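Two versions of one and the same chain are coming, encoded as structure tokens; call them structure 1 and structure 2.
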Structure 1
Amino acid sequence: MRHSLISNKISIVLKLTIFVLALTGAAQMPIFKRYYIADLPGLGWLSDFYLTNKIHYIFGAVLLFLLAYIFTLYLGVFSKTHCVTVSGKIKGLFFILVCATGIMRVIKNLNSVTLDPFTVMLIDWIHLGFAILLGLIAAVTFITGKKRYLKSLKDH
């Protein structure tokens, strides 16, 4: 039985959200201007650090909403009949790390908060590093075909 933890509609929104986050996240590094990508028609906004940062915040909120929704749904309904596969667990852990450090970045950027410099560096490196790893996983999945993240307990 194929699981249907989330509907097709939500799955599309989730993919779109992750795409926008990857794009605006990459735009936080000064590369789109250097490599002429922001020169392409319609892509000029990619070199605006403030604009892309705000979009990143907004879609970050959307992602947190979706992940909390999906996780609650899993706990409430599917955990009784399904379990998460190893690749699902790994991906889940990476998502948690990226989201947690993303939230910490948002907190750090508040006027009233000053974190210690080493912590800031660690947060940034974890956020960047695991986001890149998730990107690599997505690329590999794209080439080798989709992995299942949930399997039915009845399969055993």
Structure 2
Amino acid sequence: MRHSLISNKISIVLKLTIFVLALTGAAQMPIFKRYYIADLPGLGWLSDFYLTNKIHYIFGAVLLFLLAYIFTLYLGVFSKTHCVTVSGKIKGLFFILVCATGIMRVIKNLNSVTLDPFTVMLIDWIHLGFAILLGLIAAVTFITGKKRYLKSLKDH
């Protein structure tokens, strides 16, 4: 039996948020200008680092809010009747890792924070690596049909 923790509207907002974060995260690297994607009509904004950085921050805050909402909903409503699947635990762990390293990136970009270049590079690469792994895990669980986050305790 399929169980949905969140409504379809929240699911659409979450998927849109993740798409915008992936797009603006990729735009932090100069790939859109390098491969002339930003030259396509309507996509020139993808080559503006500062604009895509601000959009990434805004949607990062939206993602943190949505994840807090979903976690609170699970603890308050579903935790007594449902358990988190293995793929749900893995994806949840990588969401936490991506968010934690994203927060570290925000902190390192503050004017009052100065870090050595190696630490800056390390934070950036770890965030990028976790984001790529999360995307790969999500794709594999989607393809294999193990995309559910919850299952009923009655199904055991």
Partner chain sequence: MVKKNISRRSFVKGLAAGTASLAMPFNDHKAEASDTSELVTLLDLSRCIGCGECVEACRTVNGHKFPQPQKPFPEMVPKGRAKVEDWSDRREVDDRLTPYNWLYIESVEVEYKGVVHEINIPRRCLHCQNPPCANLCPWGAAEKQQNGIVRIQPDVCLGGAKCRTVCPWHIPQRQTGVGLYLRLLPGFAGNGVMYKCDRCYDRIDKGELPACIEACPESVQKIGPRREILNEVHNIIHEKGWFAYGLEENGGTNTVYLSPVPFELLDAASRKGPGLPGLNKVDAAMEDEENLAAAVAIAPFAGLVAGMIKAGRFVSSKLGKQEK
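If you superpose the two forms and keep the largest set of C-alpha atoms that fall within 1.5 Å, you have the rigid core. The model shown is predicted, which means the values in this text are computed figures rather than measured ones. Numbers follow structure 1, counted from its first residue as 1.
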Of these two forms of the chain, identify the one that is the form predicted in complex with its partner chain. 1
State yes or no: after fitting on the rigid core, is the Cα displacement of Ser11 between structure 1 and structure 2 at least 2 Å? no
Value in Å for the CA shift of Gly145 between structure 1 and structure 2, taken after the core is superposed: 4.1
